[in-house]
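A single chain comes next, written as structure tokens; it is the form predicted on its own.
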């Protein structure tokens, strides 16, 4: 860690053009860690650009610095030019270049030095010059905070930085309820509040700021689309493209829906399926020691954490449901014996 900190400090000791990149479909941790780091590097005098492969949920637009973010799918040539010409690239909250979709080749071909900061398992060490990886961290935002501190820049954590990092930690821990939340996490949160992060305001902006259509979509999911398989302690919620269109779907409208299925008594494994952008995407969640990241990797070209993972299915929504039923039966003994 200390050797990597020395290398990083040397890289940012002089004014540079820097690009910060996050994974496709960036969540609160991706945008919180990216904009938190952005607001520190700007104070150090660097020219900094945050680039996302595609757009993200509007409930994250309030984050300080968001107005400067470039979305690759909307400004491809500009993003390509900046990425090609930059001196240093930070890769945040992902470990595989495939998480950048079409933007990945541009990033990989850039001659800039690359620094990866991530908390997911099995990061690809070959795509970065410096890798900060900690799978025990609750979020990438937590690692970014610790790196800022180790660099000796804790004094640069102002209200803007604190609120960005708080958002990253809060969202990736499910408001501090996931098992990844530790004593270490709470100490950092206390420091961020001490630096000006308004925790109640942030919670309201992220979790209590839904559109009417989003609330109606949630109601439809719970009343019409929830399937419970008590014999396997599993549940599925699914939406096809037509159903999403019916509720005027926007980015972020389905975030967190899978957790409602997981909140049902005795449910250990929950899956949310949605047909978006021509793809059938899955969000997998679990309780206890049931490892959904292994299932995501084995069956759906995905990955993630033990209790939270994602993937993509190459068959229809209905066929994916049938495939999941088979998976439930395959893992039935393990699901029934999982202890909380």
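Positions refer to the first chain, counted from 1. Remember, predicted model here, so these are calculated numbers, not experimental data.
Keep in mind that the form predicted together with a small molecule is not shown, yet the notes after this line are about it.
In the predicted bound form, residue 283 approaches the small molecule with a heavy atom inside 4.5 Å. By the criterion of a heavy atom within 4.5 Å, residue 305 is counted among the residues contacting the small molecule in the predicted bound form.
The small molecule in the predicted bound form comes within 4.5 Å of no heavy atom belonging to residue 195.
Although the partner is absent here, residue 311 lies within 4.5 Å of the small molecule in the predicted bound form, judged by heavy atoms.
Using a 4.5 Å cut-off to the small molecule in the predicted bound form, not one of 16, 46 and 113 places a heavy atom inside that distance. With the partner omitted here, the stretch from 46-54, 30-38, 59-67, 295-303 that lies within 4.5 Å of the small molecule by heavy atoms in the predicted bound form is 295-303.
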